[in-house]
Each structure stands twice: as structure tokens, then as C-alpha cells.
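Listed next as C-alpha cells is one chain, alone, in the form predicted on its own.
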């Protein structure tokens, strides 16, 4: 774990997170309910409540280089348990977005999975599970991961060999195009 340097407080970072998330991290008074309820706390380098404290103290580098923001499953347990009604899960999402924008990704496989997930959505209008899994496994180098499950889920109809055609697929694709145009225009 990195040492917290309170002489380096990035107030611009705090304001950016406040603006992009629409949440006020200063409302957090460190009760620890978010950490106590988080099912992934044991996998984090910094528990959720500590990420919130690091945010309050403007520790941008520690947060954006942390594993915690990538391991967070956005299950919203932290948000549900927060007595201050802070959408902590949304703050974690926002931190991931900022980290991606600054090319600070500590968990490359998780980022790759997100990318494959979004690519599947953009292409098919919904998730094409088999394509997502194959694409992720090939690109991550985990080619045979869960290969034994493939025949089982295919024969039980839990996953389909070909993508399902849905109405409005073109509209979903346009959403992704508008987002790409906006991020190019905003320089993000």
C-alpha cells in the first residue's frame, strides 16, 4: 500500500469526481457500513471506506492506481448501506472512468472484459455470451478457461451458439456512436 501524503491534496480531482458522479464524498463520515457489507472487500487493496477517505483527502494517484476500483462489482451494497445516502457504487464507477481516461488500469483482464462486454453490446444490441467469452479468453490469453463448461451450457440452452437478433439493434449501436463522438469532441 502506498503511503498517504496529506501534503499533496489534489482538490481538482475531488471536484472532478463530485462533478462527474453528482455525489459529495465529503458527506462520508467513515462509519464503515460500505466496507462491512462489501462482498469483495477481501480482494481489495483498499476497502471501500478507505477509498472514500482517500478521495476526501485528494489522493488521486493512490486511488487511480488501486486495484479496488477495478475489482468492485458495482453490486451497490455499499450504496444501500450508506446512512448518508451517498451512491458509493457510482463514485467507484466514476473513478474507473477517470482511470481509463488517464490510462491507469491496474487490472488489465477486468478492463478487457469490460471492453469485450461493451463491444458485444454495440455490435448485437445485447450481450452475445459465447462471442464475449471467446473474445475475452483469446485476447486475455486464458484460452481454455472454463472450456469444460461450454458444452454443458450450450446443450442446456443457457448460452446460444449464434447471437440473437433483436429489434432496435441499430438504435443501440447509435448510442455507442454518439458516445464516441462526444468523447472525441470533448477530448476525453
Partner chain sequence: MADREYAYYSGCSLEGTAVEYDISVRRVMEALGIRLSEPEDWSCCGSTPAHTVDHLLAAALAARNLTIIEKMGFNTVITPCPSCMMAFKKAHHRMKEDIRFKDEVNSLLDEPYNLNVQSKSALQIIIEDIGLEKVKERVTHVMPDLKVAPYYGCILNRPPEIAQFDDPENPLSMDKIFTAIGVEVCDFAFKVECCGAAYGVPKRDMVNELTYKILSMAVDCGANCVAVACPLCQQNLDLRQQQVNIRKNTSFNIPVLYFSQIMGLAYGYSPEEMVIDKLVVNPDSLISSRITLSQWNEMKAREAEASKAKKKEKKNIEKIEEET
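Source: prediction; values computed, not measured. We call the rigid core whatever largest set of C-alpha positions still superposes within 1.5 Å between the two forms. Positions refer to the first chain, counted from 1.
Absent from the display: the form predicted together with the partner chain. The rest refers to it.
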Contact check for 15, 105 and 123 against the partner chain in the model of the complex, heavy atom at 4.5 Å:
no
Can you work out whether residue 138 and the partner chain are in contact in the model of the complex, taking contact to mean some heavy atom pair no more than 4.5 Å apart?
no
In the model of the complex, residue 184 touching the partner chain (heavy atom, 4.5 Å)
no
Find out whether any non-hydrogen atom of residue 143 is located within 4.5 angstroms of the partner chain in the model of the complex, and reply yes or no.
no
Consider residue 172 of the chain shown here, and say whether it contacts the partner chain in the model of the complex, taking contact as heavy atoms within 4.5 Å.
yes
Of 45-79, which residues get within 4.5 Å of the partner chain in the model of the complex if you count heavy atoms?
70, 71, 72, 73, 74, 75, 76, 77, 79
Does the C-alpha of residue 18 move 2 Å or more between the shown form and the other one once the rigid core is lined up?
no
